[in-house]
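The chain below stands alone and is given in structure tokens; this is the form predicted alone.
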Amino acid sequence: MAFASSLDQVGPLTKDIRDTAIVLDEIVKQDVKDSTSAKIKTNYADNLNEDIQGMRIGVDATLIEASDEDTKKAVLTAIEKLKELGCTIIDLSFNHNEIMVAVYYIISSAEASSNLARFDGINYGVRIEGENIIDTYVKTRSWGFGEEVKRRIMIGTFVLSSGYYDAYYKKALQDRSLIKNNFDKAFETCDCILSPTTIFTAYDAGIKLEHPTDAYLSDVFTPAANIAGLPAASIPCGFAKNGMPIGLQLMANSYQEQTLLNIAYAYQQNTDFHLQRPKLTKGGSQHEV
């Protein structure tokens, strides 16, 4: 089911980068019935190479500074490891960081509102009978959609409505072009861009956030790949004091998946975080090797 058509991406969840490369080789094959699939030949798995000497890694220091202490420490340690492997660190300064989350949620909610409108219980999706057609619509969509889905549909309907379209959705599309241009310029000087995956570690099981926006703000780093249409990977780079794993995000230019995989592969060949597992315990968590 489509959520946000222009942002949705498919990606494998695997135990290491080699498995990612193997699965990705199958995912990227052209689908003749999909006009958006590219006709390219790949062999990511066989071309994995841990020699990343001379690779240029772009880092925006403000993104690391925005993270919690455990995440910051782990990411800085990962940067030092990449330096040891022969990479050069390039200082970047993006002027779109403050608008990233807003752009993502405006566009994604607008597209979700459009995509999910068809699930009315008449032509698509589950149907809950009501006293009349309007009552059927209301009961079907009330029962069939969860709280967060309804929230995003309402936001999307609002930003697409007359009188607000230009102020929100149109502006978000303009800012999306700005973000893409910023990345195009950054990749003129670097081969890969590094950041934390999130500003803090995973929530403990059962935690209910007081405000939904708290969860939205944790997405400050990850929407960039969807907005700009870039390949990205999240790999483990350490553990926080509470035992939760910390993610390192790597992002490459369009069609440069091999570069992205090689850098991630080299990091994993010289660290063992991907071999460790968090051990969840009641009332808290601790990691074990």
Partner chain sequence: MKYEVVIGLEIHAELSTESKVFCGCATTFGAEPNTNVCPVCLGMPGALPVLNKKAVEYIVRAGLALNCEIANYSKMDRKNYFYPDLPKAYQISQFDLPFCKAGYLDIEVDGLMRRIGITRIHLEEDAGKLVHTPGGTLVDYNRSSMPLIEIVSEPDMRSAKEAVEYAKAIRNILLYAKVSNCKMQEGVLRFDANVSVRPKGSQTYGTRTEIKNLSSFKMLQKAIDYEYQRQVSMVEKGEEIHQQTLRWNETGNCIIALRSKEDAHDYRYFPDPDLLPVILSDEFIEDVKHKMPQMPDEKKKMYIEEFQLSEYDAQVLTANSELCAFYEEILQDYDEPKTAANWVNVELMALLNQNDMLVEELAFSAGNMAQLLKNIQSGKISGKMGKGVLSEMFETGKSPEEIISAKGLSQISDTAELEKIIDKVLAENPASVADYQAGKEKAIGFLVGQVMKATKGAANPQSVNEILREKLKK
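Residue numbers count along the first chain shown, from 1. Remember, it's a predicted structure, so these values are computed and weren't measured experimentally.
This next part talks about the form predicted in complex with its partner chain, which is not shown.
Please identify the residue among Tyr216, Phe94, Phe200, Tyr165 with any heavy atom within 4.5 Å of its partner chain in the model of the complex.
Exactly one residue meets the criterion: Tyr165.
By the heavy atom within 4.5 Å rule, which residue out of Thr189, Ser161, Ser142, Asn181 makes contact with its partner chain in the model of the complex?
Contact check passes for Ser161.
All of Thr62, Ser67 and Met244 within 4.5 Å of its partner chain in the model of the complex, heavy atom check:
No residue of the spot touches its partner chain in the model of the complex.
Is Asp51 part of the interface with its partner chain in the model of the complex - any heavy atom within 4.5 Å?
Asp51 lies outside the contact set for its partner chain.
Can you work out whether Val126 and its partner chain are in contact in the model of the complex, taking contact to mean some heavy atom pair no more than 4.5 Å apart?
Val126: no, not in contact with its partner chain in the model of the complex.
Is it the case that Asp120, even though its partner is missing from this view, gets within 4.5 Å of its partner chain in the model of the complex, heavy atoms only?
Yes, Asp120 lies within 4.5 Å of its partner chain in the model of the complex.
Its partner chain contact at Thr77 in the model of the complex, heavy atom, 4.5 Å
It does not: once its partner chain is placed as it appears in the model of the complex, Thr77 has no heavy atom within 4.5 Å of it.
For the interface check, one of 244-252, 25-33, 231-239, 52-60 should have non-hydrogen atoms within 4.5 Å of its partner chain in the model of the complex; which one?
It is the stretch 25-33.
What residues of 167-188, in sequence order, lie within 4.5 Å of its partner chain in the model of the complex by heavy atom?
Sequence-ordered list: Tyr169, Leu173.
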